[in-house]
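As a starting point, one isolated chain is supplied in structure tokens, in the form predicted alone.
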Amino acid sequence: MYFPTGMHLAPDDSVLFVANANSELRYDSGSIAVFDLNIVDQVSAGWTDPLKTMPAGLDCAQDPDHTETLICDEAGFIVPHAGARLGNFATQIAVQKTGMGADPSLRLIVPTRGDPSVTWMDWDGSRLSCNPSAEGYALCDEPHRLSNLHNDPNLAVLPDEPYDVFADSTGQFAVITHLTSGAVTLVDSPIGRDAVIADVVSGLFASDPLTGLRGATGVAGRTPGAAGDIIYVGSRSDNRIQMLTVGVPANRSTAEPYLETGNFFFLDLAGANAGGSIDTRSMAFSASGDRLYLINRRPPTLQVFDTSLSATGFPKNKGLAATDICRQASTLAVADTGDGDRAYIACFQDGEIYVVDPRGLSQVEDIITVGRGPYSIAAAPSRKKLYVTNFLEDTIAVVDIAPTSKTRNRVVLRMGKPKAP
């Protein structure tokens, strides 16, 4: 691993896809690595057993500062010959299911800031593919690197700084935000065909009155897979959440989907001037779509909104609670492992994960030390685990989140040996 950033679980929680951003440009490209979570579970279960079993055949040692944590070289968990190479400075990963029934086929959509571009690659259950004409560990080819509208070099280029991404498997599309322009890009990703940039909308958000910057950040779908799903987009420069829908034509072979701008609502739960939160960084919905959780940096808060449907059939978008959190929150994950939703917030500056119980008035329940520069979080309720990429030390922290576990909310395994500061 080298500067790990975004990650995403397969829908069945079998593997974890992790982006290496190559932020020092030490190597000739970034990459996507694939981690086998069955091996992760076997190793962590043996270590959390009262006998603290050391795994055979792996390069592991007990953390001298946190004795409940086992540190192992990451090579023992990576699926051999399954990864792929892409451009530098990848940010996040979205996963689209492309197989029917038990077919494990997936498509990964990865915003890449270095080009800028959006890379797509297919997963067949055993390896990623994005350069079918080459052998070995080849760099993704040009058809898998999207940088122009309709993939036409004579048309508009992809806006700078692609940042966050959301994919809808049923709608067969992905939505990408842009950190420095406030634009939102729609990628058409039909099953069995190449992905293409179908639409770009801009001017959704006002610029920051203090800095003059504008930008779109977090993106999430309220009910992924449902017809007419509403996409929520946050901003680094505006105290609003913009709502979008995707128009999907009946015949995808003759017409591409397009973005439709909908209503918006203000973040008025916390902030100056009687409420006004600027700099939303990440968003997630409850499984039902009735709760929206978002993290904001100005002021540093986790905010909870009621997004259940009103009598008119439109989401209420009513603020319910706001909880103080760390100052440089980066990403958010929400999971229910048996005792209700918990929001897990990556605190990049402090090397911690804030655990918030968002029910009722909402409150911080625990703070977990995970490593230097926690960037992205993925939660696997079926495995009772939380995975955190530590950008500044090239590791992934594995956190036990089982409600009845003696090591709940503690790092039980660190994949990768932390590099020196």
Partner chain sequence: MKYLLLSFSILVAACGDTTSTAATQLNLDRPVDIAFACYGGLRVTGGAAATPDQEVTTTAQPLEACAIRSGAPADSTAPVPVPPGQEDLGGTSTKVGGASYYGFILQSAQGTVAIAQFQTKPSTSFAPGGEVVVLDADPLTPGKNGISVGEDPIAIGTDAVGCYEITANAGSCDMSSLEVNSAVSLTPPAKVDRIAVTNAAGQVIRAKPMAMAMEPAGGTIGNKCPAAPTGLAYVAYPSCHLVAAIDVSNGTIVGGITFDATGAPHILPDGNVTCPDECDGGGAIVPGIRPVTLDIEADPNLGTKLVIGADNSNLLTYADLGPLRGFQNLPLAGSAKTIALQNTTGSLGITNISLSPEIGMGGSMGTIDDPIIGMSAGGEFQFVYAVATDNTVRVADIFAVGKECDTQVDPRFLHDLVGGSAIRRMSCLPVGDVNTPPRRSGARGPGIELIGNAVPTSVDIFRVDPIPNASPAPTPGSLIGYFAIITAADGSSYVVNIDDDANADTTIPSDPIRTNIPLVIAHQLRDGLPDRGAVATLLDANSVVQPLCETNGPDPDATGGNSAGPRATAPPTRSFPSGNIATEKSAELPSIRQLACTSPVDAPTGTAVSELGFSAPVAVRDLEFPDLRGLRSDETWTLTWEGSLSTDSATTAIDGPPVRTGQMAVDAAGMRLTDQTHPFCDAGVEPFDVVQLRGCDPAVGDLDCAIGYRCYVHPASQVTGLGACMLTDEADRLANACKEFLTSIRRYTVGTTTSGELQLLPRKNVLKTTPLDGCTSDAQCASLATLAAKDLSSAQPGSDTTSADTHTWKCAIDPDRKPVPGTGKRCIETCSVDADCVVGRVCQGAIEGSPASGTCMEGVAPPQACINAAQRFELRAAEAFTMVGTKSGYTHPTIADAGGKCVRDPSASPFQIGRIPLIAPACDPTTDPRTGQKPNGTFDANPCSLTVDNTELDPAYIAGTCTAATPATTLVTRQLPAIKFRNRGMNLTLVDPTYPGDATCIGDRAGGLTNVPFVFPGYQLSFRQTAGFSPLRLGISPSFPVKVVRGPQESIWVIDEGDFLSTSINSPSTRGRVFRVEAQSLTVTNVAL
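Since the structure is predicted, the reported quantities are computational estimates derived from the model, not experimental observations. Positions refer to the first chain, counted from 1.
One more form of this protein exists, namely the form predicted in complex with the partner chain; it is left out here, but the text below deals with it.
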The one option of 285, 348, 89, 264 with any heavy atom within 4.5 Å of the partner chain in the predicted bound form is 264
Can you pick the one in 99, 116, 299, 190 that has a heavy atom within 4.5 Å of the partner chain in the predicted bound form? 299
Among 137-145, 91-99, 244-252, 108-116, the stretch whose residues bring a heavy atom within 4.5 Å of the partner chain in the predicted bound form is 244-252
Using heavy atoms and a 4.5 Å limit, would one call residue 224 a contact residue for the partner chain in the predicted bound form? no
Would residue 324 sit within 4.5 Å of the partner chain in the predicted bound form, counting heavy atoms only? yes
Distance check, residue 310 to the partner chain in the predicted bound form, heavy atom within 4.5 Å: yes
Please determine whether residue 365 contacts the partner chain in the predicted bound form, using a 4.5 Å cut-off between heavy atoms. yes
Looking in the predicted bound form, is the partner chain within 4.5 Å of a heavy atom from each of 200, 354 and 357? yes
Mind listing which residues of 389-421 have a heavy atom within 4.5 Å of the partner chain in the predicted bound form? 404, 405, 406
